[in-house]
Ligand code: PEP
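Given as structure tokens, the chain that follows is alone and in the form predicted alone.
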Amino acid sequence: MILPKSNRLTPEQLTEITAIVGEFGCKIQPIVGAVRTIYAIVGDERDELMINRLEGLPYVDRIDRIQSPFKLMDKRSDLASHRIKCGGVTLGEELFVIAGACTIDPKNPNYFYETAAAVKEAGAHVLRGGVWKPRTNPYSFQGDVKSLDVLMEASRRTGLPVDTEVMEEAHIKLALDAGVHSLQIGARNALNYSLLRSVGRAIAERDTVVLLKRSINMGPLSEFITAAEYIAAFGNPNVILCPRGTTPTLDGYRNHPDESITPLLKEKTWAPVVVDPSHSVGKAIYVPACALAAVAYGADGLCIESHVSPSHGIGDDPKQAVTPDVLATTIKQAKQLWAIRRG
């Protein structure tokens, strides 16, 4: 990574360093932070001649070389001081909560509007709502672009920023054009490297956040962090890691709850961790305990499915969405636990 002496390079300086690294088969990817821009060298940065030429430039402060598969997401990288803000919260400074319905039913939008108002009242900072849904069964409800209008109307009514899952490049453009504040990469697409690249490119130099869920098919934790590296390397460092249960499934739960990986992630990366207890356990009755366990393990936030009338929801809501009153109690207890953990 190239760290300039000023907050960012001038166009002429960027052109010069791009030409230098190009001679060695590399490219430059600017990473725009809140205070300064750093410049990632994409490719093999081990060539000493290239490094010497870059370090000799009068406007370059230093070159950081991190021997890690995730050079940007590594906690030793210059991005370690990067802070992600969403919903009025700087992650890591207070407990961050995303809440809302699994799937937005465009035929019955009032349920979502009521849910949006209720989760705000319960203390959520960001409203989640599924517009497009990956389904195992091709005949199940796959989502509807009309739901995007419902999502944004709920945002206008409540003032909450919104989070929704995208599954293909066309979804990214539609969501960003509509004003979605947080793009979610679901567990089924966490290893879709083409989609990860597209998200990184599309939201470079934006404040848009990416909530990256852990795939149930991922192996070592480094694979999870490296997926986040794709997004950062292609332009946007505002990546939040979201454990949401993995395999093998645990009898009685939807997945194997993995909130305990939080401290292991924090040993390797600076990225904030927001745990999804709803998908981890898959049953509303178990969600509060799993949420509190996540906070105890050091999570920076929670992503909880909630619906004013879960039995009238579609998607996963009937099974795993908690009611807003349960959500409010869970948030209150989680904040108390957060305060105890922080000392």
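A residue's number is simply how far along the shown sequence it sits, counting from 1. Every value quoted in this text rests on a predicted model; they were computed, and no experiment measured them.
Quick note: we don't show the form predicted together with this ligand, though the next part is all about it.
- Only one segment in the set 145 to 153, 109 to 117, 78 to 86, 125 to 133 has any non-hydrogen atom within 4.5 angstroms of this ligand in the predicted complex, and it is 125 to 133.
- For the options 161, 200, 186, 272, the one in contact with this ligand in the predicted complex, meaning a heavy atom within 4.5 Å, is 186.
- Under a 4.5 angstroms non-hydrogen atom cutoff, this ligand in the predicted complex has residue 305 among its neighbouring residues.
- In the predicted complex, this ligand lies within 4.5 Å of some heavy atom of residue 165.
- Contact check for residue 45: every heavy atom lies farther than 4.5 Å from this ligand in the predicted complex.
- A residue is said to contact a partner when one of its heavy atoms sits within 4.5 Å of a partner heavy atom; residue 265 fails this definition for this ligand in the predicted complex, lying far away.
- Looking at 244 to 264, the one residue that comes within 4.5 Å of this ligand in the predicted complex, counting any heavy atom, is 244.
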